[in-house]
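Quick setup: one chain, the form predicted on its own, written in structure tokens, and binding and motion questions come after.
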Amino acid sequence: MKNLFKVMTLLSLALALTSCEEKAFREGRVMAGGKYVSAATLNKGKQIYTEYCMACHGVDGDGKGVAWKGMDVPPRNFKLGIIKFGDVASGELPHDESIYKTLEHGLNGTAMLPWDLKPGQMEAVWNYIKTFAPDTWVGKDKELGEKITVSKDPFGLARKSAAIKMGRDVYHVVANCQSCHRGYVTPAEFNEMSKRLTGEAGEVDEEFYKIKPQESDHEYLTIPPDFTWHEIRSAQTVEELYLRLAAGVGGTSMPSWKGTIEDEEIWAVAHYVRSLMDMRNTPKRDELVKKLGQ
């Protein structure tokens, strides 16, 4: 795998040398949020991008590098100016630090690996990537979104079971998460939850236990994860899940839940989703599948 990636990188470098004779940056740029980035930093970022990123993301940042056709999860098209996993409400421009986390840790279940870059290198390459979508990122008139901070977990370990129980209710009835993802309760359980929370009976249709592919602004269908089966791209801990639920996923049908449901409910769903993730590759998942008749 490593040798294949090296070959792809060399091919990508050769392509850049033969088809992309762009001159070096001679002037700096003012980026969103009023941050000035020098020409030296952008040139450094271009060099890092060419060496590490171009094989997947392409010479022009369009996500179509020499390696992209062999990937189940398409590389990000930076020309669209859309960031999936930020620290602001989806649709707003994220702060640089949230992108640095992706560079440092990678994205689970994808070809986006963790990169051992120093802070100055991460700053340089990310600001170079912004130049692929100048209408989105470049200019003193571009504003960053309001940063979503992780509040204090109102449950903690002491009330973990209560959090999971509430989260199950919120997931299936309040937020109706199975409209995109899938349901994890029996028809009888769903009916009981619905009556208790809304006063009305809840019905399970034939789509209830299915994942529903969604249209996106990324030019491909996105697949909402089955939390008991798929790896979650940008979140592993309850705190990270809280942030993703609060912020949403940019360019997809996953909205920001901040301000739509109560903060306690977001935390509860985060605990519940983490409990589902803990079933992955365990007998508990087999038991759940059998219980649901799937």
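Remember, predicted model here, so these are calculated numbers, not experimental data. Note that residue numbering begins at 1 and tracks the sequence as displayed.
One more form of this protein exists, namely the form predicted together with heme C; it is left out here, but the text below deals with it.
Taking 4.5 angstroms as the cut-off for heavy atoms, does Arg76 touch heme C in the predicted complex? Answer yes; at least one heavy atom of Arg76 falls within 4.5 Å of heme C in the predicted complex.
Taking heavy atoms and a 4.5 Å cut-off, does Val59 contact heme C in the predicted complex? Contact with heme C, no.
Do Pro224 and heme C share at least one heavy atom pair within 4.5 Å in the predicted complex? It does: once heme C is placed as it appears in the predicted complex, Pro224 has a heavy atom within 4.5 Å of it.
Even though the partner isn't displayed, in the predicted complex is Val88 close enough to heme C, meaning a heavy atom within 4.5 Å? It does not: once heme C is placed as it appears in the predicted complex, Val88 has no heavy atom within 4.5 Å of it.
Picking from 198 to 206, 146 to 154, 101 to 109, 185 to 193, which part of the chain touches heme C in the predicted complex when contact means heavy atoms within 4.5 Å? That would be stretch 101 to 109.
Between the options Met31, Leu42, Val66, Met254, which residue brings a heavy atom to within 4.5 Å of heme C in the predicted complex? Selected option: Met254.
All of Phe25, Ala133 and Lys140 with a heavy atom within 4.5 Å of heme C in the predicted complex: The answer is no: none of the three residues contacts the partner (heavy atom, 4.5 Å cut-off).
Given a 4.5 Å distance limit between heavy atoms, list every residue of 214 to 235 close to heme C in the predicted complex, or none if there are none. Residues within 4.5 Å: Gln214, Tyr220, Thr222, Ile223, Pro224, Pro225, Phe227, Ile232, Arg233, Ser234, Ala235.
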